[in-house]
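Only one chain is given next, in structure tokens, and it is the form predicted on its own.
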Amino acid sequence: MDLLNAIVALSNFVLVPAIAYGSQLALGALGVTLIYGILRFSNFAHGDTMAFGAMVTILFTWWFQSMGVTFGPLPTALLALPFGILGCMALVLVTDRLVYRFYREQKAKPVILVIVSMGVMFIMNGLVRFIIGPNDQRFADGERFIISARDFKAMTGLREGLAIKTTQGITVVTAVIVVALLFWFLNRTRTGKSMRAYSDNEDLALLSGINPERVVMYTWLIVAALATVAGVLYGLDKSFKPFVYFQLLLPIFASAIVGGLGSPVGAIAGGFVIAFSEVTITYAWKKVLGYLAPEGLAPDGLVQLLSTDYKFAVSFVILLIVLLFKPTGLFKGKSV
């Protein structure tokens, strides 16, 4: 019985949150990886692109709620998501036209594009804070739990309850659908194949008649969709605060680099590696060990390796280790 309680406690506080968080990071890292693989620079504005897409979705969610439009047990934000994606697409296309295109035409070095993207990041960050404010914004509605701890205890008779939030379920299902669509698009459609060709060998792609500006446009559109979905799922699961997306940049980049920059499969794997590392290292293991340890040997302290304040430090350390010992990442960073 104690073993079952320990497994439920572990699932409740480590496995379920880490799978949901890993799905969010994987979607964010896919966007970073696509830009690196096709446009050949590290886009530091990605976190704030996520924040912008999520913000547009929140504004539409509030508008729907004010009109009494809901999505039943599911969050209304899912109805507003297509509008958020369109808003984010408009933003990245305008940014590309006004900023990045000039540097592409100049054949600027990737490091210059990185510095430019940092400038874009600060402008987007300011824009989001100016429109929606710097504070926490809660916009989740509908049913809170798929299964609550109380119901689980009543069903199983265990001391530990397993609670699965609706937002966690939606995150995992949405991530699977989005990733499947992305891989289908890249491998099966003509545009997807031309994007991969451009990524593998730019000169050869140009010789075979692929229009580079079209490839760039489609890349930005896909990245905007991925960023908005990731931003909204993270906001629903935790809460929306513009500055948090700025901080999320570190685990997202860590996920992309750990998996191998430029490899979509690597981005997904890296997302889960970082998420599980962050959650397990900052979790207080006292409860789980209390069930598993023999009587009288249960730990007194929290048995926590690091406080949750150091969550982002975990991804930074993993990033450093990977860069030192395996710079190409788990999946040998290659083009998309």
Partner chain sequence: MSAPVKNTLLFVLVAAMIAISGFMQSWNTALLVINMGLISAIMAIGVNLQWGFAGLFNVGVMGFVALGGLAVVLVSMPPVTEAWAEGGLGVILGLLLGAATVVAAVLVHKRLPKGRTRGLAMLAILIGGFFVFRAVFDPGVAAVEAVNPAGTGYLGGLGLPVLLAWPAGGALAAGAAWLIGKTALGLRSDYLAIATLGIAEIIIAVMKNEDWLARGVKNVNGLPRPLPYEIDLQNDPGFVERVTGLGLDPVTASTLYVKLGYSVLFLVVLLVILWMAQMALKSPWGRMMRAIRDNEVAAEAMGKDVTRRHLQVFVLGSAICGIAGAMMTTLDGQLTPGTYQPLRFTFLVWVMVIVGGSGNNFGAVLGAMLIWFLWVQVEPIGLWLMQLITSGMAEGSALKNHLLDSAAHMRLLTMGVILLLVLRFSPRGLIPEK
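Everything quoted here is computed from the prediction, not taken from an experiment. Numbering follows the first chain given and starts at 1.
Just so it is clear, the following notes concern the form predicted in complex with its partner chain, a form of the same protein that is not shown.
Asks: Would you classify Pro134 as touching its partner chain in the predicted complex, given a 4.5 Å non-hydrogen atom cut-off?
Replies: Result yes; Pro134 sits at the interface with its partner chain in the predicted complex.
Asks: Check Tyr36 for me: does it contact its partner chain in the predicted complex (non-hydrogen atoms, 4.5 angstroms)?
Replies: Result yes; Tyr36 sits at the interface with its partner chain in the predicted complex.
Asks: Phe246 near its partner chain in the predicted complex, any heavy atom under 4.5 Å?
Replies: Phe246 belongs to the contact set for its partner chain.
Asks: How about Leu306: is it within 4.5 Å of its partner chain in the predicted complex, going by heavy atoms?
Replies: Leu306: contacts its partner chain in the predicted complex.
Asks: Quick check on this chain: which one of Ala163, Leu158, Ala197, Leu250 has a heavy atom within 4.5 Å of its partner chain in the predicted complex?
Replies: Checked against the cut-off, the match is Leu250.
Asks: Counting any non-hydrogen atom inside 4.5 Å, which residue from Ile85, Ile222, Val120, Leu91 sits next to its partner chain in the predicted complex?
Replies: The option sitting close enough to the partner is Val120.
Asks: Pick from 182-190, 92-100, 139-147, 231-239: which stretch has a heavy atom within 4.5 Å of its partner chain in the predicted complex?
Replies: Among the candidates, contact is made by 92-100.
Asks: If the criterion is a non-hydrogen atom within 4.5 angstroms, does every one of Phe152, Ile177 and Tyr283 touch its partner chain in the predicted complex?
Replies: Verified in the predicted complex; spot residues all out of contact, no.
Asks: Can you name the residues of 1-15 that have a non-hydrogen atom within 4.5 angstroms of its partner chain in the predicted complex?
Replies: The stretch 1-15, when checked against its partner chain in the predicted complex, contributes no residue at the 4.5 Å heavy-atom cut-off.
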